[in-house]
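So this one's two forms of a single chain, laid out as structure tokens and tagged structure 1 and structure 2.
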Structure 1
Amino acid sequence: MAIFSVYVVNKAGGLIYQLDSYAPRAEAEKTFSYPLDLLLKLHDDRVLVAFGQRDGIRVGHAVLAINGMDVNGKYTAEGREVLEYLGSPANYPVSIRFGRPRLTSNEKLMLASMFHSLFAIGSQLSPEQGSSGIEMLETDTFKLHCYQTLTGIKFVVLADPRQAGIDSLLRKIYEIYSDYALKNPFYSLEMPIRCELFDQNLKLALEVAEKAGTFGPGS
């Protein structure tokens, strides 16, 4: 039972705060000999598996590390291109770690804006009057909860599907935002939140939510 991440989106759809609190990573490290029986391709500055799913390595997984050293985008730790390195038989046997690619900050920004639009479309396509936007989105690996305030700020929490008490957590995050970000005289509205007290209190609130499962009234 865990809370994976928190996103705060401003009125215009821009991401102003992001916290990854728990990231369960499905990773697989294996030793390979030449020739590699997986097909790798370069996509978006990462090396992804295009074909050849086996043993926990799925299509879409990225190359995370070679011989224990993390890769840097499409280059190895030494600065050589990963595809070129894995193409020459002299470098084998080689141990490669595959896993789900981590999101870069740019991607998080884009996903936050995408969610902002989807939230609005969810309200437009409603078959009932007076519907809000998407408040809860359910998948088999996570549940996304969203709370939109009257001023248009959206607090988005990604959590395990079985985690309870996220609604009160969202209200609590709103409280923490108004206490430590809005009341901070050096914070400008709609701008990225860089307030230490906000970070600290948010992390505390996430811990309490994970342990207790719910907040008491008026806490």
Structure 2
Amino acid sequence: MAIFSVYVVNKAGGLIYQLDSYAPRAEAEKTFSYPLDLLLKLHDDRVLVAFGQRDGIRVGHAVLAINGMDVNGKYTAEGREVLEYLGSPANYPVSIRFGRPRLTSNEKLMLASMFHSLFAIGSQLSPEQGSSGIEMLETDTFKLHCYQTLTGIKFVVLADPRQAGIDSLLRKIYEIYSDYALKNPFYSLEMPIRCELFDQNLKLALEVAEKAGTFGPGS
């Protein structure tokens, strides 16, 4: 079982907190000699495989790490351009990890805003007044669970479809938000949450939920 990520969206649709709690296994990591027998290209500030599928590496996969060091978009951990680094024979042999491209901060902001709009549409489409809006979306690889408070804050959890106890977890996250964000004298409503105690207690709650599969009344 796994809980993939947590989003907190304010009543205006702005993303005020996001946590990725599960790192999927690398699609493929291999050591290459020069010249690299894959065609790479730059797209949306990511280095992607354009041609040359092999050994679990697929077209569309992104370069995630070089020699065990995570890349930052199109740059290596040392700040060099990935394509320039991989174009130099002096840097071989080189170990490259490929996988599905990770969402950027801007993409996460955009997706949070889009879900906020979709949530509102769902409420308006209801034949009855007082609809709760979207509470769950399901795919074959994950479920999206949403809990909206009376003040309009949305807590969104993406989890494995088999993960149990998400409704209880969502309310636990709301409790943590109330205790460690709202009661923080330095926190302003509707603004991004930057609180170490909130981070620590949220991560602990996710660990407990993943191990237990549910959140009991005494948790």
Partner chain sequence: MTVHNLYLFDRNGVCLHYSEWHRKKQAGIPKEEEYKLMYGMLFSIRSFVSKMSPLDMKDGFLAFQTSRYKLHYYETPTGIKVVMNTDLGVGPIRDVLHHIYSALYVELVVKNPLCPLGQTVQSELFRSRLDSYIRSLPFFSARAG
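Note that the structure is predicted; figures quoted are calculated from it, not measured. Residue positions are counted from 1 along structure 1's sequence. If you superpose the two forms and keep the largest set of C-alpha atoms that fall within 1.5 Å, you have the rigid core.
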Note to self: form predicted together with the partner chain is structure 1
Superposed on the rigid core, does the Cα of Pro35 end up 2 angstroms or more away between structures 1 and 2? yes
Once both forms sit on the same rigid core, is the C-alpha displacement of Lys154 at or above 2 Å between structures 1 and 2? no
C-alpha of Leu169 off by 2 Å or more between structures 1 and 2 on rigid core: no
Given the rigid core as reference frame, how large is the C-alpha shift of Phe51 between structures 1 and 2? Answer in angstrom. 7.9
